[in-house]
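In structure tokens, one chain follows: the form predicted alone.
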Amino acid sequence: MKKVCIVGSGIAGLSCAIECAERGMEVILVSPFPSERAQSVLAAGGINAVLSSEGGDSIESHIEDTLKGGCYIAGKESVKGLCEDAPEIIKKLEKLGTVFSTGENGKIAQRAFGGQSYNRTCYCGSATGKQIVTALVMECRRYEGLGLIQRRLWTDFYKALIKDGKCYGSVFFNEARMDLEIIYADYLVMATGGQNALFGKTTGSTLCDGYAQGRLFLQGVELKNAEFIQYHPTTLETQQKMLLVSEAVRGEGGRLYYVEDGKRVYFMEDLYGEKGNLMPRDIVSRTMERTGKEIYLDITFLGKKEILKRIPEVYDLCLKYRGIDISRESIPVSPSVHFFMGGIAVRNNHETNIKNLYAIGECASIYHGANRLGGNSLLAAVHGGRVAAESISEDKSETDVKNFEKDLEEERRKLSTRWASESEFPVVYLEDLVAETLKEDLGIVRDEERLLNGLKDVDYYLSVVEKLKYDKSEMPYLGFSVTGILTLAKVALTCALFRKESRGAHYRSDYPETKEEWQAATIISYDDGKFNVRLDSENVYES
């Protein structure tokens, strides 16, 4: 029986675990927290699928919208597989208990999302992620009862077990025992989410800190498209985080405006016509920033009854955290870091350049190119898990066993040394410093001077990281994660400096044009202490 270790228990991890169990494989599902605390729960708007050709929609149109939204640097075959699988995914999710909103005809309701030619986003009010997680958790528990899935909570990824270009499992940090441990597996699947902690206050969970990607990069795993960071145009600031004001609000007719000379200026409609509020997220975010004005989002015209029917969670969140009654007043909104199109480079079957090491969900870069369409992230999470499970199931290569116990002892020694530091400067301050650096130098609009300044700062942080104070009693995880996080910050800045054009979510004011010669993915690798960047002109990862 094949043994699969999956790191991360959000929608991507759950999807892969269930699909592996269905195929009779043994699964160990590892995460620091229960699935109910995964970032997937925060996904509000919906999941895309062409359920009917009525009205003119088609899978071909979904494919073209996805490729166009990603500025044509996502692989055609992978996107084709994603869009073709979408209707079946909706059927399966519904069968597992996902409660989708329905129209008057009793069929699953679908609404408009930015960058799409038709209304094809299925939704569960504005709590789609929460509904899907609930359904997948229940199915996962069924396989736990059958002994095919084993849960490991309060356990953090430390490093992969890699030798001679092949993966044999992973080292984890056990929070209960405050010690490192090995889990050997025939296949390791990373489903660790995005990189929110790099930017501090974002729409996402800071539990997704990007450490796993940075650590794997230092172990020889190639990363891809790290410069493409999506800003969601409509977020509401609270003390703790940027609160996502779902694209569903604009999908239901919400209008963006600013006030000038006492009058409302509906700038997106003035610039782009009737569907201006539903332009792709990078365009809306940049346009908002260029106005230099305070921006508002109005949905009051729907009336309280319809708002509570269509977007109740948005109503509740705005009222609870900012005291705003969106049925009576507009929402003050601003762009915020929301999604990372870049991540671990994977081929069409979601395998990395390391044999038996896979990546799925937001930590993997494959479907979204330079900019993700709203509604495609949940789809990619479920689909990626299915694809990886199928690939693992069909893999006929023989498994062999390696012993890494000596390596484990060396890692324990390194960790103990860090915890023994007598520095007066706590490492936790570095998280705030790197967030300030990236917000300033890797924002919506970039240029060479700012990117070089950001690299200079991050290089300095890396030079002092070993000398800082690591408090074992307060934040033991930072005893090993901060170097990986800083490394990933340097990766993103390096890729942004390398790409001398503007494309999708990557906008260079010193290179404002989109250039045909740059129509390829950015691949970055680490070798002998050096960061090597190239364009994937040979389509190693894009096909």
Partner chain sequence: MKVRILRKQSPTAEPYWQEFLYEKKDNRTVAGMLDELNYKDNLKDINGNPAPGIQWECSCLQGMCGGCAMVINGKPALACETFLRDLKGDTVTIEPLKKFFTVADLVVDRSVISENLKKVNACIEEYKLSDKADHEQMYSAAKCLKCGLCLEVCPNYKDGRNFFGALFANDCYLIASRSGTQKEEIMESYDSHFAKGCSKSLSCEDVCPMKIPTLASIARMNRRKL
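A quick note: this is a predicted structure, and the numbers were derived from the prediction, not measured. Positions refer to the first chain, counted from 1.
What follows is about the form predicted in complex with the partner chain, which we do not show.
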item	value
Partner proximity in the model of the complex: residue 432 to the partner chain, non-hydrogen atom cutoff 4.5 Å	yes
Contact label in the model of the complex: residue 475 to the partner chain, heavy atom within 4.5 Å	yes
In the model of the complex, residue 445 touching the partner chain (heavy atom, 4.5 Å)	no
In the model of the complex, residue 351 touching the partner chain (heavy atom, 4.5 Å)	no
Candidate stretches 456-464, 392-400, 203-211, 249-257 - the one whose heavy atoms come within 4.5 Å of the partner chain in the model of the complex	203-211
Residue (of 67, 50, 42, 28) lying close to the partner chain in the model of the complex, criterion heavy atoms within 4.5 Å	42
Contact residue in the model of the complex, from 276, 81, 125, 75 (heavy atom within 4.5 Å of the partner chain)	125
Heavy atom of each of 264, 297 and 519 within 4.5 Å of the partner chain in the model of the complex	no
Residues within stretch 17-45 having a non-hydrogen atom within 4.5 Å of the partner chain in the model of the complex	33, 36, 37, 41, 42
